[in-house]
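Just one chain is shown here, as structure tokens, and it is the form predicted on its own.
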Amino acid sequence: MNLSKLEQNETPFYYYDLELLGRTLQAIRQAVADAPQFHVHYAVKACATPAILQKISQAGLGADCVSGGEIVRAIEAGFPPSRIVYAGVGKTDREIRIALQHDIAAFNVESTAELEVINALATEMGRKARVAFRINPNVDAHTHEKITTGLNENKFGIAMQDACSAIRLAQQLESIDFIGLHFHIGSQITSFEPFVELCHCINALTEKLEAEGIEVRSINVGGGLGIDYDHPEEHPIPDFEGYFRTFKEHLRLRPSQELHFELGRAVVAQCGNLVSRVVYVKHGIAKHFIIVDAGMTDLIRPAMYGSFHKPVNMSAAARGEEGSEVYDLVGPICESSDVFVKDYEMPLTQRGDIIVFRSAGAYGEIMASQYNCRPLPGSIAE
């Protein structure tokens, strides 16, 4: 990132490093080059900025969508419908019709109630809907409670013990083509062990279904691979080789089966940065505050999850600032939770300094709001 270029733009805005995104996509391709049964989809919910989507679609990845709007956005960016899968617990009739109209690769179905609606709409439209059932393997991903999704008490998916009966129902419906199983245990998973446990659960379920005479043509293991928020410079690209190797070694994939992945954060998080400008430096009785023009409306993850995005004072680095101070970095929103980080040592900071929040490419710009009547942040990708 070039400081002079950053200073020329109105803050706050998102800056995306397309060169890093390109290297990340190449690392993914290399990691699955020896596994023709592996198919990687990008989770559009992480970042739907057109320039980002276009580069990912050009790299040959499919798209994982969770709304009708994401399906439309993905197709506009160049993703072929034959590589689009669609999940979500509350698919509306309008959204289901959009997916059927475009003949997407598969619906990841999360309840038998949803299955029956898809069948009715597909029959009405003269279409056949390919479906995979999202199954809860009850695997603890050991991540934040708000981003774990594979436990029995989560709103997502169908319990393992109900899988067989749900599939039997699907096989009876005239406009449904049952193709397989879908799983997703959570997000920001930094150990491979939960994925190993997931493999064991899938192996057991697949064997049980085969004993019942049920063919599983496709398995979708979701995503969830985490990134290093603390040291983005040292680890700009996740360990894709280790991630995919886990499934190569522990999942007993049949020769005729396809294996699908849905990676989001791991693809785009490190290439995105939130660029802000210091409005005031405030010296309190017990605390020193850096108040920037970016806030929870631009990057809600710290307020929602307590997430850390490494702040870098680009201006202080450029002027060779040698002194430091412990600050709370806060935004301008009229909420006490509008805090990026507390008690953080930074170079001595001045009004007008450019501060960049790293690792913000996933669930940053896409989750921005207009609370306090603030404009949405812009973006630059280069």
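All values reported here derive from a predicted model rather than from experimental measurement. Don't overthink the numbering: it's just position in the shown sequence, from 1.
The same protein also exists as the form predicted in complex with a small molecule; that form is not shown, yet it is the one meant from here on.
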Query - Interface membership of Ala63, the small molecule in the predicted bound form, 4.5 Å heavy atom rule - result: no
**Report entry** Partner proximity in the predicted bound form: Lys55 to the small molecule, non-hydrogen atom cutoff 4.5 Å
**Finding:** no
Query raised in the report: Does the small molecule get within 4.5 angstroms of any non-hydrogen atom of Gln188 in the predicted bound form?
Result: yes
Report task. Decide whether Ile355 counts as a contact residue for the small molecule in the predicted bound form under a heavy atom distance cut-off of 4.5 Å. Result -> no
Report task. With the small molecule left out of view, choose which of Gly223, Gly272, Gly295, Gly157 has a non-hydrogen atom within 4.5 angstroms of it in the predicted bound form. Result -> Gly223
Query raised in the report: From the list Arg73, Arg83, Arg301, Arg130, which entry has a heavy atom within 4.5 Å of the small molecule in the predicted bound form?
Result: Arg301
Report summary line: Only one of 94-102, 166-174, 206-214, 223-231 sits within 4.5 Å of the small molecule in the predicted bound form by heavy atom distance, namely 223-231
